[in-house]
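A single chain comes next, written as structure tokens; it is the form predicted on its own.
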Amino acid sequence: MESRGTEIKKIWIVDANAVTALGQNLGDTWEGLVKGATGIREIDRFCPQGYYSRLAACVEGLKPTGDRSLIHSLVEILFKGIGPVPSDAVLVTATTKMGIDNLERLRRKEAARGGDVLLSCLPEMVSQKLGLKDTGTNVSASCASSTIAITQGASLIASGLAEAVIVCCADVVTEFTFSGFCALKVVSAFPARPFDRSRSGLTLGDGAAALLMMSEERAVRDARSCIAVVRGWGASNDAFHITSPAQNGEGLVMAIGQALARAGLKQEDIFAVSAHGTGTTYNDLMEIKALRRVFGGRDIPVYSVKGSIGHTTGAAGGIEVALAAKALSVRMVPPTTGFKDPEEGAEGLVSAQTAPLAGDLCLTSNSGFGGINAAIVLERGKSI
């Protein structure tokens, strides 16, 4: 077990990149996000006829290479914006469905590598591409997958079991996943509107992120800059329902409490929250209740990126941590695209406008099917 509070070993994020429907790198994604742009558009990857929604946030021009899954092409783009990664870095990946598009191709009698469907294919692929000694492990914890992957990586560094950890997460929109979410009736017919009174569901999106974390000592030795510091983390499971979160937000409150305690912080030390904010009725209500329980009467800035880049499922947490690090570095809270009329309880928290980030600490959290919740406290980076 890692040490807690002020004794915890400092964990630096020294490199980060993200690929979304807003851009093929973290900088372009951030620029589109602060402008209130959206990558949500009509699907052309497969025929959406027969579904009640035709929208998704797909990376433009993303095509499979030969018989490989789309996810290989997505990760190739991702790696263009990160590096170098030390060969001794421990690898933790995150995905919910990996190359499930190849299952569709196989069912259509098209050439496709069946092995791409296996979740274990992602760590194997990443390890080979980055030339790592570690073959890696994959986390599949629904929509909190990459958040949990980051907490695992941070725990390894904090406990002294690793000096460097690379977290890589990726998921793509396929008809398999799209039809599944439609069957659950949680997909919106219009672009997602997180925390808005008129919201009617989520919008799926492609996404990938890579974050290189190091102990402070290793980062200094390798002359790496500090993008952000991972101060604390927590995870819980409310065990309420197979898909719906506990409506009182108790699981998320517990995860946030763990993250604050591990960081040796109080709620008043946090100055912004990157929320899961899917745009579904129950998730958004749960989050508002949880955040009100944690922060009391404080009108702390809360935002969701999913009205801009869609819900990138297993990659959501990794992308949102990278964007939160960017928000801290420029001291700006991005807008929540699609937000107009606040749901009860969201007044004073969520905004469609940018706002100053008045402090050096923010919270990012994600929740997923099965009642899983995860939270991470980030601190603004510093130069070395």
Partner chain sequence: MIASVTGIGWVKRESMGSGRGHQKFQSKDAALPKLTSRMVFGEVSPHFGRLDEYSKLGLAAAAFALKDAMQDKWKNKRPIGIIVSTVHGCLATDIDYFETVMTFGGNLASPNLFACTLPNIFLGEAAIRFGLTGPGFAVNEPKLTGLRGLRMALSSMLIDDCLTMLVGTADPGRPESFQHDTNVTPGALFLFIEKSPADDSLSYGGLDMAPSGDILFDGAPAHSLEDIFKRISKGLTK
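All figures in this text were calculated on a predicted structure; none of them were measured in a lab. Numbering follows the first chain given and starts at 1.
One more form of this protein should be noted, the form predicted together with the partner chain, which is absent from this view; the next part is about it.
With a 4.5 Å cutoff on heavy atoms, residue 189 does not count as touching the partner chain in the model of the complex; it lies far away. Not displayed here, the partner chain is approached by residue 240 to within 4.5 Å at the level of heavy atoms in the model of the complex. Interface residue remark: residue 220 is not counted as part of the site for the partner chain in the model of the complex, having no heavy atom within 4.5 Å. Mapping the unseen interface onto this chain, residue 114 counts among the residues with a heavy atom inside 4.5 Å of the partner chain in the model of the complex. Relative to the partner chain in the model of the complex, residues 104, 148 and 179 are all within 4.5 Å by at least one heavy atom. With the partner omitted here, the residue from 269, 216, 76, 250 that has a non-hydrogen atom within 4.5 angstroms of the partner chain in the model of the complex is 250. The contact with the partner chain in the model of the complex, taken as any heavy atom within 4.5 Å, belongs to 141 out of 141, 89, 227, 125. The stretch among 78-86, 155-163, 302-310, 192-200 whose residues place heavy atoms within 4.5 Å of the partner chain in the model of the complex is 155-163.
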